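Presented below, as structure tokens, is a lone chain in the form predicted on its own.
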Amino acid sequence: MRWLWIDQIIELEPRKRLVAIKNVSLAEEYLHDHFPPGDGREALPVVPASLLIEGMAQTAGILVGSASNFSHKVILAKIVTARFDHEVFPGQTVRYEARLERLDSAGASTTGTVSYRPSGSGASAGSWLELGSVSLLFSHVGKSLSGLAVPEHNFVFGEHLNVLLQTAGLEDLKLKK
């Protein structure tokens, strides 16, 4: 299964930072298994940390790819650090802010902050609470060492990325085929 783990790009400073959000809904299937009721306890739907990392990787990957107008394929090479101090539940919104630390012909390094907006009537529209941080390394790829093209099906981003860019008003950026 391939999917975008962000719903909207809300800010882009080219070659510097990108901010994206994800609205967490109880309608998302993975929440029904994480964690289901059992042993006398009620269900506790929580967003797994691995999906929070995926959201940051996609946000940072878009930032890295956009620096070259998506002329290079970008792959996640390493999760340097990932720290989360709270859990995310349905009804909350997650905010990913990725910052470009280094960019060269081999790849890029990024750092990022993950925040969330609590659900409920007491949450102010502008109040984001820090959830954690993620540092990532990316590689640029084209052809493999054997000279063979890297298969397209190995990449998360496809036509859905172009729709995401368009809805953010970034029509001038477009994923290259």
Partner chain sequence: MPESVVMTREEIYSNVREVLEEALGVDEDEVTLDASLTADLQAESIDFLDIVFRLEKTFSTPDRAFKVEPGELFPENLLENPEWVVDAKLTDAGMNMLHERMPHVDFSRFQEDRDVEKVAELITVKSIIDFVERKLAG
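Quantities reported herein were computed from a predicted structural model and do not represent experimental measurements. Residue numbers count along the first chain shown, from 1.
Note that the form predicted together with its partner chain isn't included here; everything after this is about it.
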Worksheet, complete the sentence: TL;DR on 40 to 48, 23 to 31, 60 to 68, 134 to 142: the one with heavy atoms within 4.5 Å of its partner chain in the model of the complex is 134 to 142
Worksheet item: At the 4.5 Å heavy atom threshold, is residue 52 in contact with its partner chain in the model of the complex?
Response: no
Worksheet item: At the 4.5 Å heavy atom threshold, is residue 101 in contact with its partner chain in the model of the complex?
Response: yes
Worksheet entry | residue 78 within 4.5 Å of its partner chain in the model of the complex, heavy atoms | yes
Worksheet item: Looking at the partner-bound form in the model of the complex, is residue 113 within 4.5 Å of its partner chain by any heavy atom?
Response: no
Worksheet item: From first to last in sequence, which residues of 94 to 109 have any non-hydrogen atom within 4.5 angstroms of its partner chain in the model of the complex?
Response: 101, 102, 104, 105, 106, 107, 108, 109
